[in-house]
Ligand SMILES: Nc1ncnc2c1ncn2[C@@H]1O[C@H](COP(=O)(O)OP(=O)(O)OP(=O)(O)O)[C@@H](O)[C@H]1O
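Just one chain is shown here, as structure tokens, and it is the form predicted on its own.
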């Protein structure tokens, strides 16, 4: 049975719905307004919400949207008056589970609540199963219910089970590493090694050794054999962060590994192989880096098989309340406290631009947490640093793309075979790795495309 919250400003309706649902074995809480309903949801576990669409001050739809921001998705059943069915249908598109029309048919009320309760129970069981399987709630760590974040999560689910190389783009602090973590956790390699390397944090002359390892005596200080990240990640996933900072000479060596799957340790001659799924992340616009000559075009096409763009926080402000409360809960567990955020603080946080994105929000909230003298977290002007327009990072998606003339200029002087190769790989990347779609756009047969990709060293195990 479910824990049901009934929100209706009519006392008679509240009592009737509660009596019917309690007779069916459900536990029922009631509230006379949207504000009171939100307070009940913050204080108790609620599986299903039955809410009148027309409420004083804040209507049912606004209450549902705010509840989703604060507590995440819960099945909502909206009750509408005659003639409001169109609004109710629109509400379903915004996340409502179902709707009932007045006068409410009791049999349908029971059936709808029962169905919503089963959905809530299935969601709980699914989360428990994922914990048992060791997924560590990887997707749930990407906090947010905005359309942009739902699209990111949908893309992760779609590509995780494949071996396609993934390029994660986004500004600093947006959570690119969490996306990479989720891709691995939901993949068929989740029980295999997961190795991370921030290429920008390794000195240029040591990066090759970190990637591919070195033999004893390969250089001064190499007193013993060392396995590189590719060897350590064999059969698993390798996450290369800040790939846009990689020097050109290392880019050449990485490209060679992606082409034929083999490499050698520094100071060694024996070719080694590793079965690695590669996930890369960058806060740079790699198209611009290619045009500037700082990033190889062929490597870019190799890495950009599947592209996931993580939106900046200012483009998903509706997620800020949910993020802020999640960080507050984390701080409470760390400090063994029971502090809470006021709505004033939450709305103030929501109005900020956050050039440092989620990381900046988390750091700011920790400052407010530490500086607040009492149980309630309050505003402190010294903790929130206003960022002027010049400080705001430009979204990767908003930067100007390369023009056709620029792209053609990069191909001048190349042999025709190399031009064809780059065009085919670029088209494949543009089609998200879908070979059938790429063949149609290139107007060549699928068998021809497969043959050429095999010649380029690209896996052709299917879509």
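Residue numbers count along the first chain shown, from 1. This is a predicted model, so every value here is computed, not measured.
The form predicted in complex with the named molecule is left out here; the points below concern that form.
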{"item": "Among 289-297, 357-365, 105-113, 230-238, the region lying within 4.5 Å of the named molecule in the predicted bound form by heavy atom distance", "value": "357-365"}
{"item": "Every residue of 143, 173 and 176 near the named molecule in the predicted bound form, heavy atom within 4.5 Å", "value": "yes"}
{"item": "Selected contact from 187, 80, 283, 209, since only one has a non-hydrogen atom within 4.5 angstroms of the named molecule in the predicted bound form", "value": "283"}
{"item": "Contact residue in the predicted bound form, from 91, 276, 303, 323 (heavy atom within 4.5 Å of the named molecule)", "value": "323"}
{"item": "Partner contact for residue 97 in the predicted bound form: the named molecule, 4.5 angstroms, heavy atom", "value": "no"}
{"item": "In the predicted bound form, residue 242 touching the named molecule (heavy atom, 4.5 Å)", "value": "yes"}
{"item": "Exercise: residue 327 in contact with the named molecule in the predicted bound form, heavy atom 4.5 Å", "value": "yes"}
